[in-house]
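Single chain ahead, by itself, as structure tokens, in the form predicted on its own.
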């Protein structure tokens, strides 16, 4: 395996807004639409939000800044970047390899969930899921996931759609698309919020989401917030390092990362405002998970004026959120195949598509043809989710923090995020470095141990 000369005319993001849109697109995903708002409401509302925000500052944000800095400094894929920046003979490049594996495992199951979303856009347009009876919407969802042909077809359509964007490159593909999708995401959210807030029991939905209940704050809730803070910002899987390699040299990395974190939080809260007033108005349980998106939401919109149109808007919104995340995930192996194996970008993209179609098919068929197949007691869908979320992502995050804190060192890190001295942020660099060296890895390890039910 050799490294090709990729520095000449290397594609990258061309504007500050493009950087922000693409990075935010990576961070925003399906979890913003259902998981984050539901966890917030179930775990104390405003109290949980406060813990989450503090945990993000201690865990998610420092590691995100570290990843982006490594990528921009090396202007290369995660494996090559760590080979360049690490002391000779030290195997820090394995962090990059772990990120590639994590991105594949995530895409294996996530592409199928995205496939359900895209299928529901078509179903929403056709009106086949517009029913106020949850039994009807439940049956529609069960029919979709238990049909092997539909599962594979929609997954492959999603992969082809994402691949077609990546074929256009970084500036004309990823940046151009996310610059349009992120404003659209906010506009659609604001439209749904305006409708939802006009409903009879909007106050109950807002109280569920925002009213502080500090009696619910315990060790378990704090650990839940810490885990969410780590997983929400797309760190530990090579995506931020990959996107960092496309950052402009004058981009203020800490400021951009903070804006991404803030905008990501706003998307999650707007999603909660759009969803929960309607859920409470019509007496549904605000439970987390696919049931909220695919079963409860259609039943809710069936009872709202212009419900058919709004349901289409909701699933288009959800598809937009999923697209940005898929682009960043798939770009990780594409860039490595392009730069380290010498494949053209087109061949690298097509190779990644074929590999994902093969690997992801196991997850796509986990509710139908392969429903009885188990490894370690889990079907392939759940196993991919478990391994990536509980093992590979935390390990990647821990070692990124350790690399910067104990191998790269303060001076190199300070130069990287100060744009080689052009930004006056030495104190900020020192604070972030302290977190990376001592605090973030310890807290991520705690999150990992809890996810593995070892604490």
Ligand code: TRP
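Take the two forms, find the largest set of C-alpha atoms that superpose within 1.5 Å, and that set is the rigid core. Residue numbers count along the first chain shown, from 1. This structure is a prediction, so every number in the text was calculated from the model and none was measured.
From this point on, the text means the form predicted together with the named molecule, which you will not see here.
Using a 4.5 Å heavy atom cutoff, 231, 234 and 393 all lie near the named molecule in the predicted complex. Of the candidate stretches 25-33, 400-408, 416-424, 54-62, only 25-33 contains residues with a heavy atom within 4.5 Å of the named molecule in the predicted complex. For the residues 178, 239, 352, 318, the 4.5 Å heavy atom test against the named molecule in the predicted complex is passed only by 239.
In summary, among the residues 328, 73, 137, 80, the only one with a non-hydrogen atom within 4.5 Å of the named molecule in the predicted complex is 328. When the named molecule is considered in the predicted complex, residue 381 lies well away from it, no heavy atom lying within 4.5 Å. Under a 4.5 angstroms non-hydrogen atom cutoff, the named molecule in the predicted complex lacks residue 280 among its neighbouring residues. Using a 4.5 angstroms limit between non-hydrogen atoms, residue 110 touches the named molecule in the predicted complex. Among heavy atoms of residue 295, none comes within 4.5 Å of the named molecule in the predicted complex.
Annotation for residue 52: C-alpha shift of 2 angstroms or more between this form and the one not shown, rigid core superposed. After superposition on the rigid core, the Cα of residue 62 moves by less than 2 Å between this form and the one not shown.
Annotation: Cα of residue 396 displaced by less than 2 Å between this form and the one not shown, core superposition.
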